[in-house]
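In the block that follows, a single chain appears as C-alpha cells, in the form predicted on its own.
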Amino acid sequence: MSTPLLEIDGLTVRFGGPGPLARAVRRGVKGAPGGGVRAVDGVSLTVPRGGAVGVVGESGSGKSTLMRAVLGLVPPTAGTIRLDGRPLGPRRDTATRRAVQMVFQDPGTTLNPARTCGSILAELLRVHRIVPADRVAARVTDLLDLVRLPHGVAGTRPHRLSGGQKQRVAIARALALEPRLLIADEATSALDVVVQASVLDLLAELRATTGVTLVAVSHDLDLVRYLCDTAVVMRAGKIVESGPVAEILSDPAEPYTRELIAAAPTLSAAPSGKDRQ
C-alpha cells in the first residue's frame, strides 16, 4: 500500500485569549485550557495520492484553519502534518512550499493589481526556475491554455477581468509551481452560479489531466459531491463524520451532517462538461 500524499495526525490549532472578539469569531469552538479557543481540535485525516477530499462544515468549523496549517500559514499547537511521509515543520524548504498550493476564495485580493497577469505568472516561473528563461513566455501561454483563458489575458491587469477569469488566473498561478497538492479554499463561493459551474468543470478537468491531488474546502455540498471522492465533515474544530461522498450525502450517520444537508439548497444535477465563462 502506497503512503498517502498528506497525513494529518492529532492536529490542534489554538488561538488567542478568551476575550469577546475571539468568542464572537469562534462561536461554538470549545475553550482551550488556560484560555483561548481550539479552532482545530485533535484532527486526523489522510489524503490519498491523486485523490480528492472535500472538507465541509459551517463557518467557524475550523476547516479553513486546518488547511492553513497544512500550508504553513498557521502554526499548529499540537499534532503532526506529513507530506509523502515526511513531517512538515514551521520552516519549509522551497520544494516543500511549491508542493502544496492554495487557491483562495477571493482572487482579487491575491493578484497584484499593478502587474499584468502574464507578468504575475512569469515572475513565479523565473524565481523558482520552473523552466529555462527562454521558455518562460511559452510556459505562460501553456498555463493560460490549461485554465482555458485567451492568450490576451497575459497582457491584462487583474482588475479588468471578470471574477471567473481572475479565479482561473489564480488557479494557473498555483499550477505554475507544479504542486502535488492543490487546496481550493471556498474557491467558487465569491462567483455567481453560472461561473461557479465553469470553475468546477475546470477543477475536475485539471484533476483528470494533471493528476494533482485535491482538497476542496467548502460549505457547498454540491461542489463536494461533484469534485470529490471523500467527504470530511467538521464541527467546532473536530471531524464528526467522514467517508465516501455518496454515502455521506445520501445516508449521513451524524445529526449535524443531516442538518447541513437539510439547510443547503437542493442538490442539483452536476454541472455539465460545457465550459461557461
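Since we're looking at a predicted model, the values are computed, not measured. Numbering starts at 1 and runs along the sequence shown.
The following text describes the form predicted together with a small molecule, which does not appear among the structures shown.
**Asked** So which of 229, 58, 222, 241 reaches within 4.5 angstroms of the small molecule in the model of the complex, heavy atom to heavy atom?
**Response** The residue in contact is 58.
**Request:** Note which of 123, 201, 186, 84 lies within 4.5 Å of the small molecule in the model of the complex, where distance is taken over heavy atoms; exactly one does.
**Result:** Looking at the other structure, the residue within range turns out to be 186.
**Asked** residue 39 near the small molecule in the model of the complex, any heavy atom under 4.5 Å?
**Response** Within the cut-off, so yes.
**Message:** Taking the small molecule as it sits in the model of the complex, is residue 64 near enough to touch it, meaning that at least one heavy atom pair lies within 4.5 angstroms?
**Reply:** Residue 64 belongs to the contact set for the small molecule.
**Asked** 243-251, 44-52, 64-72, 207-215: which one contacts the small molecule in the model of the complex at 4.5 Å, heavy atom to heavy atom?
**Response** Partner-contacting stretch among the options: 64-72.
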